[in-house]
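Shown next as structure tokens: one chain only, the form predicted alone.
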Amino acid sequence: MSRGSERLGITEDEHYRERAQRKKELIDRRIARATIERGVVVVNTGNGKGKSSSGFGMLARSLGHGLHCGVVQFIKGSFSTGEEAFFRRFDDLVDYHVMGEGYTWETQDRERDIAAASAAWAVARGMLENPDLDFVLLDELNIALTKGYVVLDDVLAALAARPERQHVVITGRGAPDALVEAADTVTEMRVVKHAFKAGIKAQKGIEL
């Protein structure tokens, strides 16, 4: 029993329940105030692992609710991934496009990278105009934006004009400030440790 509980003449269990009850009342008040129902823009950025993984987790959650979804991968594309293999099984609910040609240090061709990103953005823009899509994942779009392959103002305009109930998740390190400002939810992943720095290659189910 804590000293504070002893002074108040209550048990530790009673003190725990009181704190939990106060927390519940606070959360319930916040939930009651959250009355707006519309699509949200989520940005996952930062140098840490988990940006795309989180986006694909939300894609799985959306599919669990029977939502119609679209996916455009802006950078990845030179190798197969587990998420692509899995989500292509849901072709009745997922419009899946792998538009990248690999990381820029692999292609070593700026014009080719710009052309690939422009083609990917054309598909993505069509998704953002499609009222039949409930959820859109634009994987690694932030990289295309920071490198200037896609015009930021075009993206911001398309996000602002999209269907009211459509959710959009954008991933990739280096999210531009204007996109962060326009988003509803932003998470920055921070590196603490990474197996690759210890010489462990990318693993199926973890990175691939």
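On a predicted model such as this, the values are computed, not experimentally measured, just so you know. Note that residue numbering follows the sequence shown and begins at 1.
One more form of this protein exists, namely the form predicted together with another copy of the chain; it is left out here, but the text below deals with it.
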For this session: May I ask you to state whether residue 146 is within 4.5 Å of another copy of the chain in the predicted complex, using heavy atom distances?
Result: no
For this session: Give a yes or no for residue 183: in the predicted complex, does one of its heavy atoms lie within 4.5 Å of a heavy atom belonging to another copy of the chain?
Result: yes
Problem set entry | Heavy atom of residue 87 within 4.5 Å of another copy of the chain in the predicted complex | yes
Exercise. Are any of the heavy atoms in residue 58 no more than 4.5 Å from a heavy atom of another copy of the chain in the predicted complex?
Worked result: yes
Exercise. Does any residue in 189-208 get within 4.5 Å of another copy of the chain in the predicted complex, counting heavy atoms only, and if so which ones?
Worked result: 189, 190, 191, 192, 193, 194, 195, 196, 198, 199, 200, 201, 203, 204, 205, 206, 207, 208
